[in-house]
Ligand code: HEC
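Consider the single chain below, provided in structure tokens and representing the form predicted alone.
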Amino acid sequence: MSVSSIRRFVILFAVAFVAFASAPTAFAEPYFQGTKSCEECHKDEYKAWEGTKHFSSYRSAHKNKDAKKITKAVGGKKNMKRNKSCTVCHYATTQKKAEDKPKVKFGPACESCHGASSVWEPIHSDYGGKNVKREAETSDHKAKRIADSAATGLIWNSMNFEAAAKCMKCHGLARSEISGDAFAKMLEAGHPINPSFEIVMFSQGKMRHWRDKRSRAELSRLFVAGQAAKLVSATEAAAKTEDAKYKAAQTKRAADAKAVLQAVPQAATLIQSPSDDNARKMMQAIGQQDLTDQIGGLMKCAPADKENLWQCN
């Protein structure tokens, strides 16, 4: 190698090293910033959230009659708000910087469902420059902002499967961060599991915290996305342990989801091979189709007004 080639190599290496060293946060794990970063722009949604069980659970979950027994059974910290097996679903944390220790401050909150915001929030709240207001944002910039924030972890309400998967992993006792054996111990100690948990009833009822109602067609797609999320999470969870009780609960969840999805032609591959990827492909194939006829009366909802917008109670 010539002297000039060596010099060029050294210069390129130095530039790369400086770029890497000067941007440590680019490789940091996304973290929860807390509800304040959302409240500023989403005041109505925040106020509605304050009236939900997700909000009140911060003060009530640890007071459940079985809470101490379950926390002790799963091992780790005796305090439920410090036990990682409990906090992942029952609470939301907050921190100012990546290197800070996460602190439990809320019950399940904005980022519990929409994703840790440290990376996507600056993108989500940028409408085209420092002084550009939302109403002045161009259509091209909005499209890019939506795509870029989704690519960095923001789960929009329109992302039916991703949103449903977040719900199903907690409400179905199927979080990947918790071992199957730990979940089995929770069940044995009295932790409930609800195989019939259904995202349309959940999100459109008492937990509803957004202003716009969804149409019948939109709810039908959300319902199917929820069944897909249930099937995927239950299949993965059932393979995590040989505990009979936990395995039986997850097997039932999977069977119930399959029974519904049989009515949806686009779900054939997903039923045969449950996975996140196949679920997304199914939703892409469904597109904007109204699935009400296929799923019949399985959604426990009814028209709420003359515009045929539905409300679930």
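For every residue, the number given is its place in the sequence shown, counted from 1. Everything numeric in this text was worked out from a predicted model, so none of it was measured.
Absent from the display: the form predicted in complex with the ligand. The rest refers to it.
Participant: State yes only if every one of 57, 74 and 114 has a non-hydrogen atom within 4.5 Å of the ligand in the model of the complex; otherwise state no.
Facilitator: Verified in the model of the complex; spot residues all in contact, yes.
Participant: Only one of 104, 187, 170, 150 comes within 4.5 Å of the ligand in the model of the complex by heavy atoms, so just point that one out.
Facilitator: Among 104, 187, 170, 150, a heavy atom within 4.5 Å of the ligand in the model of the complex occurs only for 170.
Participant: Heavy atom within 4.5 Å of the ligand in the model of the complex: which of 271, 61, 263, 285?
Facilitator: Result of the distance check: 61.
Participant: Please run the contact check for residue 245 against the ligand in the model of the complex: heavy atoms, 4.5 angstroms, yes or no?
Facilitator: Heavy-atom contact with the ligand at 4.5 Å: absent for residue 245.
Participant: If we define contact as a non-hydrogen atom of the residue within 4.5 angstroms of the partner, is residue 174 a contact of the ligand in the model of the complex?
Facilitator: Yes, residue 174 sits close enough to the ligand in the model of the complex that at least one of its heavy atoms falls within 4.5 Å.
Participant: If we define contact as a non-hydrogen atom of the residue within 4.5 angstroms of the partner, is residue 249 a contact of the ligand in the model of the complex?
Facilitator: Result no; residue 249 lies far from the ligand in the model of the complex.
Participant: Quick one: is residue 144 in contact with the ligand in the model of the complex, heavy atoms, 4.5 Å cut-off?
Facilitator: No.
Participant: Within 4.5 Å, heavy atoms only, one stretch in 224-232, 94-102, 124-132, 237-245 touches the ligand in the model of the complex. Which?
Facilitator: Contact criterion met by 124-132 only.
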